[in-house]
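Shown below, as structure tokens, is a lone chain in the form predicted alone; questions about how it binds or moves come after it.
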């Protein structure tokens, strides 16, 4: 992998900009590649994210027998009559979504499958999906008794289940849903807090029967025939767009209009937090098919401290960027119940706080979060991304206030290929 760095210069004037070419939604793009395999007809996907990780998910679909055509605008995925056992390992790149969801899908498919990824993905915990899948009949092995990739999956017939997950995670939920729709009878899944629900929305749009019932349980009915194909335009990723929302919130007199985002409530919680801090945020809904879609306008205003302790599963990707806004807020902010941050692409709690320390920000670290004192004047630093694209991009945005050097930024290509180009456009 090529080794790259980014240097960001302090912004000397405010910006008022409309951005309509932010990266497409990564979570939905991954799911498009996988869910198309559950149909017997061709799916058409517009605005598919052409980042490294999502293209890896597409390659895996091909290795399982799908025909993929890409005219540069629309990707057409024609599934095989039967998914085939691949002749080589399946490389998920840096994507936990890719590995965990494919584990759930392949657990119910006859054959032998090996899932691997880059060095960062191979260090992330996989027992959270491996163990419940094993309990319903999947044969999964890997390093540390299946906790670390490469994972070997011997797929086959699965049993139904009733599983109350100890982890509020869309990846775990989606893996179990993909297993459940292939099982023999109705299955039930519960999490303590609703995580992102793209899987339920998309599969139901294809004809599956997944519904919320009493006490937070999800009922997962097995599919008895192939699902309808997807015909979808992937919306802009609100998590990627959020870096520029933070940029507008922290740069005096700045304003940004972010076009064609998903407005799914489980995906825009970070904007709600920014709004609670004092930024002016406007939501304009324009469409609602597989996902609600529209525009978000963010304008600078004085920011205040905030406590973030609920809906953490909806914020797990945006908290590093929010930490930049918290650093310059007029009072302290606190993040609780966020221990899941420690097992993302990096230990994001440590990575965020160590980087803030280099920038002169005072904080207190907790096992499940942190307190940021606020009212800081950020100073230039050299930041190690730890191979985590969200750490790299968060501190690049911080550089708009103080200059910043970010080390090891090739990881940005996995989720936001034109991030640097858009960052540069703020200066024009």
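Keep in mind that what you see is a predicted model, and the values were worked out from it rather than measured. Residue numbers count along the first chain shown, from 1.
Form predicted together with a small molecule: not shown, discussed below.
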Completion exercise
Counting only non-hydrogen atoms, the one stretch of 295 to 303, 107 to 115, 316 to 324, 247 to 255 within 4.5 angstroms of the small molecule in the model of the complex is 316 to 324
Exercise for the section: Using the partner position in the model of the complex, report whether residue 279 sits within 4.5 Å of the small molecule, counting heavy atoms only. Expected result: no
Handout entry: Proximity of residue 169 to the small molecule in the model of the complex, heavy atoms at 4.5 Å
Key = yes
Handout entry: Distance check, residue 97 to the small molecule in the model of the complex, heavy atom within 4.5 Å
Key = yes
Exercise for the section: Check whether residue 201 has any heavy atom within 4.5 Å of a heavy atom of the small molecule in the model of the complex, and answer yes or no. Expected result: no
Practice task
Could you check which residue among 259, 342, 128, 190 gets a heavy atom within 4.5 Å of the small molecule in the model of the complex?
Solution key: 128
